[in-house]
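Heads up, the chain below is alone and in the form predicted on its own; it's given as structure tokens.
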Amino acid sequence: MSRKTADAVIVGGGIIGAAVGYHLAKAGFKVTLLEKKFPCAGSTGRCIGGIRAQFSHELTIKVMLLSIKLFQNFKEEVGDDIEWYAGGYLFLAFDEERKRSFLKAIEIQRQCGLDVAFVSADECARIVPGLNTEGLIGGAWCPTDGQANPFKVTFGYLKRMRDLGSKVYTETEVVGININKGRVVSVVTNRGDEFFAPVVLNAAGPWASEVGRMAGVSVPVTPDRHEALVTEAVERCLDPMLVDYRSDGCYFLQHYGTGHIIGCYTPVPLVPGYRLDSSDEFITEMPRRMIRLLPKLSSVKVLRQWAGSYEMSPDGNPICGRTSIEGYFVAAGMSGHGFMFGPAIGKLMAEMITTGKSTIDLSEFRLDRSFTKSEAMR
């Protein structure tokens, strides 16, 4: 067994691990990132790339406002074009209860400084030409939400990490975490290496619970299967992410650069467990739901479908911060929003690790909370 040292070891090569790793390296830390497969092999590489600040909790909104600013400035700071485009998000309301829910959230969002409004069905149709407005009451519209490329963001962070002297190990699975007298000491991998570090971050996405158990820490994250599809490229026909929260609804956007339409929905009932299998039901249902909202898509062909995991926390909010083990941190349970949270969570967790506190207080996301404050706009 070889023995190596680092200032911090990060478990997980998705957007969260990469973003924290970059900000730690930028702060002068010698970081080692361990990924059991390859970067973006988990949830990050299977998401559809939407980015929004429309949530119902003040802390989540503040984190996302920071994240959007970091997405906007990514090229200047990190050096890569991540295909950021502010096409907005339009959440559709087909009943009064949903409208009241959106209005309640909008009040909080505006207090945080978000440019958001509830607009009429006619205004929704102006924002999305060709939208089927049958039964539509209106929608929550934020023009500053957007989209970016999850692969380019993650690999951009990893490249800069390496440039700053840190290391990334792929095909390297963590199989043990050593604790001594209540503090983390080292991480052992399936390659027989032991990495000694005073800081270890669990950013293992769908496997966060498993990695937590290695340190004797309970991390309540459970994966649910979500499926997605992409169509052939077509002429520009959709600017924002379109979100329909009905039980048989869906959400989709058009990639700004390529013209492909990418979308998914949350299955009812949920499909628990880490599963990558695709279903006949999805490939039948998803096009039907998309065409119901936007009939002009009826002739557009689907290229492929895939599946991945939402790493769910009990209340649908992230789990970020310290644990009962000194030096052992967690940033997981992003509940389907890890890509969009990534830049801000990366910066804030790095601040917490290097200075003891973050510029936005993340204590509402702490591991030992009661998990009773559920996110309404999951």
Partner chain sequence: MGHGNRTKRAVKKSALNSVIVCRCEEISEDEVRQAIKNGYHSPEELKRILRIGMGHCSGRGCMRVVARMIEEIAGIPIAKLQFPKSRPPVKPIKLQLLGQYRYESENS
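Not measured: the values here are computed from a predicted model. Positions refer to the first chain, counted from 1.
Beyond the structure shown, there is the form predicted in complex with its partner chain, which is absent from this document and is the topic of what follows.
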Can you work out whether its partner chain is within 4.5 angstroms of a heavy atom in all three of Val78, Gly333 and Thr355 in the predicted complex?
no
Out of 190-198, 214-222, 298-306, 108-116, where are the residues with a heavy atom within 4.5 Å of its partner chain in the predicted complex?
298-306
If we define contact as a non-hydrogen atom of the residue within 4.5 angstroms of the partner, is Gly182 a contact of its partner chain in the predicted complex?
no
Taking heavy atoms and a 4.5 Å cut-off, does Cys237 contact its partner chain in the predicted complex?
yes
At 4.5 Å between heavy atoms, is Arg46 in contact with its partner chain in the predicted complex?
yes
Quick one: is Glu134 in contact with its partner chain in the predicted complex, heavy atoms, 4.5 Å cut-off?
no
Assert contact residue (its partner chain, in the predicted complex, non-hydrogen atom within 4.5 Å, options Cys40, Ala344, Ala350, Ala53) equals Cys40
Between the options Lys152, Arg98, Arg275, Lys167, which residue brings a heavy atom to within 4.5 Å of its partner chain in the predicted complex?
Lys152
Counting only non-hydrogen atoms and a 4.5 Å cut-off, give the residues of 275-296 close to its partner chain in the predicted complex.
Ser278, Asp280, Glu281, Ile283, Thr284, Pro287, Arg288, Met290, Ile291, Lys296
